[in-house]
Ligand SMILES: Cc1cc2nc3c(=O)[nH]c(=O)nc-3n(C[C@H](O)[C@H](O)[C@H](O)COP(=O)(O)OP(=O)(O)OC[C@H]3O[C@@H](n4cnc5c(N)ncnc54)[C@H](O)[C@@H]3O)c2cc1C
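Just one chain is shown here, as structure tokens, and it is the form predicted on its own.
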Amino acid sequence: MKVQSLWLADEKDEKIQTLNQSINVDVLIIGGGITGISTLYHLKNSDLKICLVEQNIIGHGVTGRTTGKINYLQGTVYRDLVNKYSLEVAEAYLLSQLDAIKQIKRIIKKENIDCNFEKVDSYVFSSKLKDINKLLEEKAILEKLGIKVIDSQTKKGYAIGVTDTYVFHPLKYLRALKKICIEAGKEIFEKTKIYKIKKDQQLYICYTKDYVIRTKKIIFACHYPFFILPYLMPLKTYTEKSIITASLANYKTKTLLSSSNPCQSIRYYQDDHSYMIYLSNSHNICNSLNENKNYKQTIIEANDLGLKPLYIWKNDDLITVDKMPYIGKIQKHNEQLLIGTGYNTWGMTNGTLAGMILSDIILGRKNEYEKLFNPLRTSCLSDIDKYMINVGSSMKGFIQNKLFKNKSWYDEKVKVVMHKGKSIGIYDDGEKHMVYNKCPHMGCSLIFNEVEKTWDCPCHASRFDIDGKCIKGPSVYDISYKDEF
């Protein structure tokens, strides 16, 4: 079994370009997942000088770890939006998801992209009476909004379904868009990390290790923005972690999703081989820190379904307080800083949607969904408790890992010690790999992931390899320890 995303298993060595000089641009896009690449695609024919930077390789972040569903049937989100806002808001969100799906279909057809795009039936299920009642409410709302919904009884219990959803290979799609953008003359710099941003009159100066990018506008298309101010992302979101497996399959199934957490998700994938992709064990990243246990539990669940995983990996999703993304300006009177994030596990549709909205803002065009997903939208007073829960979760992760750095489940290869007044994490596989055991983002103590051999932040999901190189944000700094020990 490979500890690797199925989508990355067929990764071919492609020529990449890194930033090799300081440059001036009109628009800088930070992040090379579905949001960043989709935005660049929609701007590829503009006269603006635009570049995109990605700290790793295009698609190797969250997008390359998803299940690859393109779906508007998203648990009981429409019921939640009706209860939180109104039927009109639920309808607007539904239309946005349907438009995103149409956009993906249009691009795939126009550009003749081979990405295993397939139409599927999708179902949301539950066996719990409370959740079944929620599904019945969801069905009634969808039908009121003109969606034909199927009732079904499955082995998992009662389910509602729709027939016009899709699945695909997300990395094949992104690679194709990357190629199209480069051929259109837009620059993409991979393995290029922005460490710091400073305002200089009407420009922003963005610092990489060796060079700077001066830009008029910035689009933060990274999963979790690396800054804390002015947007206070830790207050407005929490990170949900899930474990995903891919197993060889000799039968095809519908796309399935449980209606409540811990989430279960199943989809079928056909390429040279047939796979069943199973997601489970979803939880707030501040809880259930023993990754070895989390992975084993997911494997047991997969085995109970008759699956024998060949691939296993984890993914992180940013969850917002009102179940809708943040897409647009992050400061009321500042047209220069834009963001797209917080997709609540539905990144394929919402990342595509963000590309449409953000590109329209850059080009000065109106977008009917800009107001709906405005990051500065005001929430009801009832959200205050959710903000406090997010703060409490982060504080829980911060405090408990400051107090107990050596976890009871660590094997003898892993330990955390104090050296010269610094907390040092050590992984010893015959060679000592030493790192600072503190996340540079907000100072949380790190947890060692014994399955993937990484140091992970239990507060906001930054990740570092065994030698301290930052491989996932929001941190932008490494934690390598070079001192004599």
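Throughout, we count residues from 1 along the sequence that is shown. Model, not experiment: these values are computed from the prediction.
Note that the form predicted in complex with this ligand isn't included here; everything after this is about it.
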Hey, in the model of the complex, does residue 315 get a heavy atom within 4.5 angstroms of this ligand? yes
How about residue 134 - does it come within 4.5 Å of this ligand in the model of the complex, if we only consider non-hydrogen atoms? no
Find out whether any non-hydrogen atom of residue 460 is located within 4.5 angstroms of this ligand in the model of the complex, and reply yes or no. no
Is residue 193 close to this ligand in the model of the complex, meaning a heavy atom pair under 4.5 Å apart or at it? yes
Contact assignment for this ligand in the model of the complex, among 286, 339, 244, 213, heavy atom within 4.5 Å: 244
Answer key: of 446, 62, 43, 27, within 4.5 Å of this ligand in the model of the complex (heavy atoms) is 62
Kindly indicate whether 236, 373 and 375 are, all three, within 4.5 angstroms of this ligand in the model of the complex, using heavy atoms. no
Stretch from 176 to 184, 107 to 115, 348 to 356, 288 to 296 whose residues place a heavy atom within 4.5 Å of this ligand in the model of the complex: 348 to 356
